[in-house]
Structure formats: structure tokens, C-alpha cells
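As C-alpha cells, one chain now follows by itself in the form predicted alone.
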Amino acid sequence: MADRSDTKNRILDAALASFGTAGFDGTSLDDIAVGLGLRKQTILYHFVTKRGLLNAVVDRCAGDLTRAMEEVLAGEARDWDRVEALVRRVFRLALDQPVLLGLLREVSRPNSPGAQRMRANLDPLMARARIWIEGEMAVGRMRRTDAQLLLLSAYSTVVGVGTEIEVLRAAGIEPTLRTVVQRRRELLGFLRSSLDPRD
């Protein structure tokens, strides 16, 4: 049983790397199988179809994002400190799993096969974040603004980092930690100016 679980996780890791860099259309089950030293039928045994594999990758990544956010939400940070902690945690996850940004970019494209699946996974978390922000606004701890639009802007910035990394690589420039840190700083500045009533 442990072997099956290990094989399934290896397939998911390889599929995330492929979907996150080559996209859905550019991902080949044959190539994943060869890269892992498996037969294509082994992948199909676990996931049935290429779309099933993408769905499993999306579920896993959305789960990683949700757990990262839940850690912060369950912590002691409040008000602006919580917003900053959430942004830092998401960027830390992106640095730990850079292909995650590529997957987010892939499923954010119009008509992406994984878009609806990712949305279904993240909608409850986004709704919770919106309700929390609106509650903070209602009691005056955050400046009033459109919480939904603010969250979409933050999400777009995180996805944009993934796109920027791929553009740099395509131009022959290896992205550095400095690039990601700069984007995180810019996002925090935007959120602070939008939300922090002390500014």
C-alpha cells in the first residue's frame, strides 16, 4: 500500500512540474511516465485521464494553499499583522514550491481545463477572507474598500509573479529571490495603502 501511495505522490509531483511549466496542452502523460520510469497505464490506473490527473494536482495545490492560510488564520496575528502574515505565508509557499505559481498561472487562463476546479477549491477560502476583511472594515480596523476586488488584485499579483518568472526564464535570465521579495513588498504596500486606516 505504501508503494502505491509513493507512486501516486511521485506522479503528482511530476505532473505539477509539467502542468506548471508546460501547461495542460503541453503536458504529455507519456513523457511523465518515461520521466518516472513507469508505464502510462500506471498513471491512468491512479487518475483515469489526463484531466483527472490535472484535477488531482489542482486539489493538492489548493489544499497546500488552504493549509498555509489556515495556519495564519489560526495564529495570534490580528488586523494588519494578519494580512501581512498571510501574504508572507503565500509567498513562502511559492518560494518553496515555485511550480505552484506556474500552476496558478495555468488555471487562471481563460478556458483553462483546471480553472473551475481551482475556483471550487479556493472559493470558500476567498469568501472567508472577504467576510473577515469586511468585518474588520465594519469595526474600523481596516479602511473601507471593495474586499472582493482587493482579494482579486492580490491573487493577480501572486499569479503575475509566476508569469514574470517564466518570462525571465524564456529571456535567458534566471529569476532571483530578490524579484519575488520585491513583488511581495509591492503587494504589501498596495494592501497597506488600501486597508490600513493608520496610513
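We number the residues from 1 along the sequence you see. Since we're looking at a predicted model, the values are computed, not measured.
The form predicted together with another copy of the chain is left out here; the points below concern that form.
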Next item on the list: Only one of Ala68, Leu29, Leu168, Met137 comes within 4.5 Å of another copy of the chain in the predicted bound form by heavy atoms, so just point that one out.
Entry: Leu168
Checklist line | Check all three, Phe47, Asn55 and Asp59, heavy atom within 4.5 Å of another copy of the chain in the predicted bound form | finding: no
Check: Would Arg92 sit within 4.5 Å of another copy of the chain in the predicted bound form, counting heavy atoms only?
Finding: no
Notebook entry, point to check: Given that the partner is absent here, does Ser156 sit within 4.5 Å of another copy of the chain in the predicted bound form, heavy atoms only?
Noted result: yes
Item checked: Ser108 within 4.5 Å of another copy of the chain in the predicted bound form, heavy atoms -> yes
Check: Looking at the partner-bound form in the predicted bound form, is Ala22 within 4.5 Å of another copy of the chain by any heavy atom?
Finding: yes
